[in-house]
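Take a look at this single chain, the form predicted on its own, given in structure tokens.
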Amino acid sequence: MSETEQKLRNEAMTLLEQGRADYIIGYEAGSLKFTTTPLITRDKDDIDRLVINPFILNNLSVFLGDISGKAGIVAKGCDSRSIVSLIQDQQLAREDIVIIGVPCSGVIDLNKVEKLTGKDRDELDDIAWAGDKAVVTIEGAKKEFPAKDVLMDDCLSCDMPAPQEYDILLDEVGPLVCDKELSRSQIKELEEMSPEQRWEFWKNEFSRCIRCYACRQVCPACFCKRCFVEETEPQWISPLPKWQDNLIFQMTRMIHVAGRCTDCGECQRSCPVNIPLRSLSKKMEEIADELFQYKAGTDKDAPPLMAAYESEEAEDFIR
């Protein structure tokens, strides 16, 4: 157990014992090797199950809206920004949350590790950070890979690994290896396509969508109590997973989360048919920054993007 992990358990236990939190939201080891799963508990006996490792994928802020009472929540940089965004949208009250900020050197993409090693994850003995390299142990032998080769794409573009809002910071955030060009390589391919090619690309992608709504369910910015796709009067789109309706669903969802997306990558990771949804959300985030110099979740006292207007804002995008 790492020193940071022990600090986390100590702080979480203190929060419960002192009554400063009714629940703790964190990570525990998953049922599969090199995975974690969310842990939501009010039982002090569960605190020893909390973990911090390079595989803490989930953006836990999505669970805050379903909990009544005060919650102590483990938050990486992108997670803390999602919490701030929810506070800005008055979905959460700051006084009801104790944010336990964790240092984040990036989350390891197991699919990339498997591809690099030619091994299934069950054949790997260990994966750990060693500075700016990932050390993979296979049958006792250690192999080193540059961090940029194994990080999640969204981690490669992260310029805010430190929590933007916290009550407890477990440790100083170590250096995060960024490669923004590599992170947006798929977006760049789409930008270089003609409009007709992009249309065909997304038509093919959304033809595979089964409309499971996993992307919506894991997204902290999708906090509507009733989604527009579930409305019947009027009925905006067909409930059948036709590609045209799938496209409308995603385009409308992107507009709804504009100025709220923190590029946590949860939408793409949760997609069971591997549609590259981050290409849409990341591009939308870039457009919001370009037009309005706005980054989601950086200031809890600032109004949300779509709730503010400044006279010097450009209007040439309005038709």
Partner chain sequence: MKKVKKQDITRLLSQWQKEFTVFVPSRENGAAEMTVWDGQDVSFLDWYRNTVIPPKANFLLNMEIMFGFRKEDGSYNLELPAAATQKQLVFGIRPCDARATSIIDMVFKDAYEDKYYLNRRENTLLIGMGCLNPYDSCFCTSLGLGPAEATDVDLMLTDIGDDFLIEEVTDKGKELVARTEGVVEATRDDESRAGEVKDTAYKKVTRKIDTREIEKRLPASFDNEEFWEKVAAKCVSCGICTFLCPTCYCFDINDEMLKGDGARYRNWDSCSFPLYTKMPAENPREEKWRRVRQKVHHKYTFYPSLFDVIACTGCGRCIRLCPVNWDITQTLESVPAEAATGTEKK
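Take the two forms, find the largest set of C-alpha atoms that superpose within 1.5 Å, and that set is the rigid core. Positions refer to the first chain, counted from 1. The model shown is predicted, which means the values in this text are computed figures rather than measured ones.
Although it is not shown, the form predicted in complex with the partner chain is what the next lines describe.
- In summary, the region of this chain contacting the partner chain in the model of the complex, judged by heavy atoms within 4.5 Å and restricted to 75 to 83, 126 to 134, 217 to 225, 140 to 148, corresponds to 217 to 225.
- The partner chain is not shown here, but in the model of the complex it comes within 4.5 Å of a heavy atom of residue 46.
- For residue 171, no non-hydrogen atom is located within 4.5 Å of the partner chain in the model of the complex, even though that partner is not displayed.
- Remark: residue 93 does not count among the residues lining the partner chain in the model of the complex, judged by a heavy atom distance of 4.5 Å or less.
- Taking the partner from elsewhere, residue 53 is found to have every heavy atom lying beyond 4.5 Å of the partner chain in the model of the complex.
- Taken together, 14, 20 and 161 are entirely out of contact with the partner chain in the model of the complex: none brings a heavy atom within 4.5 Å.
- Listed residues 165, 245, 154, 179 were compared with the partner chain in the model of the complex; 245 is the one with a heavy atom within 4.5 Å.
- Contact annotation for 26 to 43: residues with any non-hydrogen atom within 4.5 angstroms of the partner chain in the model of the complex are 30, 31, 32, 33, 35, 36, 37, 38, 40, 41, 43, listed in sequence order.
- Positional change of residue 159 between the shown form and the other one stays under 2 Å at the C-alpha, relative to the superposed core.
- Once the rigid core is overlaid between the shown form and the other one, residue 196 does not reach a Cα shift of 2 Å, moving by less than that.
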